[in-house]
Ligand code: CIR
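To begin, one chain is listed below as structure tokens, in the form predicted on its own.
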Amino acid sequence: MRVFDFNAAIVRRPGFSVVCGLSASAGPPPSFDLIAAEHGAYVAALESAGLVVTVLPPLEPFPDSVFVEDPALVFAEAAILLRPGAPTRRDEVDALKPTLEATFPAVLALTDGFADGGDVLVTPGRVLIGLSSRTDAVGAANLQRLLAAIGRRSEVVAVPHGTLHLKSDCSLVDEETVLATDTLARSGILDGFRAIVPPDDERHACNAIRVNDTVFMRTECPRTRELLARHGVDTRCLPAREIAKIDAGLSCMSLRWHRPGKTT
């Protein structure tokens, strides 16, 4: 089974507080209605790809809680509760824990250091853990131990300066290919993969997700879509302009895995 073969996902609806989510942008705040519409389109796309989607209710005290990928990792054999690097997000873990305990055969927990799911790229041979402003060396080392406990090999890498998360700048296209910014492609982190590098003004396209036989990508990146088409990749474009105003993309809005024995 391929690492991007999924039949289940967990998402959380955005609360009205989402407009106050963390952002490095100095622009105007996002519109709640537009974020809700983008999130709805995202959930519909997952369902149309054959996934059974569990939709959790909003958490108003936590503006960024719609981004469920940062406080946890999920695999068929276990879920791992993380410790987000942003202080305002750390209690999201406790809110997510009951759902994971009811869903997965085992739930492990990071107890020291900090690690965001946005810094974790699962590839066929290993799990890459990116050191960033949200994931530190202590958290990465402890995450490696938890991954080893469930039989997953991992490698810690340092993301280039100025990169929020590892997956802000790269995503898996197929088992041998990544979509990556020029900076990340030249960093050596992705050695061994074929890299498709989008135009610099479409670098945000690199936060995409491969779901079964389709790459979900942002609507606003037509030249990148052409590059992927030339590589023989089937794509589906989704709106993410509003969600991007709070430093987010497509990968962070869901936890995706293949549930054994589950049919859609």
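Don't overthink the numbering: it's just position in the shown sequence, from 1. In this text, all values refer to a predicted model and were calculated from it rather than measured experimentally.
What comes next is about the form predicted in complex with the ligand, which is not displayed.
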Original post:
So in the predicted bound form, does E38 come within 4.5 Å of the ligand, heavy atom to heavy atom?
Top reply: no
Original post:
Is the gap between A248 and the ligand in the predicted bound form 4.5 Å or less for some heavy atom pair?
Top reply: yes
Original post:
Going by a heavy atom distance of 4.5 Å, is R134 a contact of the ligand in the predicted bound form?
Top reply: yes
Original post:
Quick one: does L22 come within 4.5 Å of the ligand in the predicted bound form, counting heavy atoms only?
Top reply: yes
**OP:** Considering the ligand in the predicted bound form, find the one stretch among 96 to 104, 72 to 80, 136 to 144, 157 to 165 with heavy atoms no farther than 4.5 Å from it.
**Re:** 157 to 165
Original post:
Considering only 42 to 65, what residues come within 4.5 Å of the ligand in the predicted bound form, judged by heavy atoms?
Top reply: D64
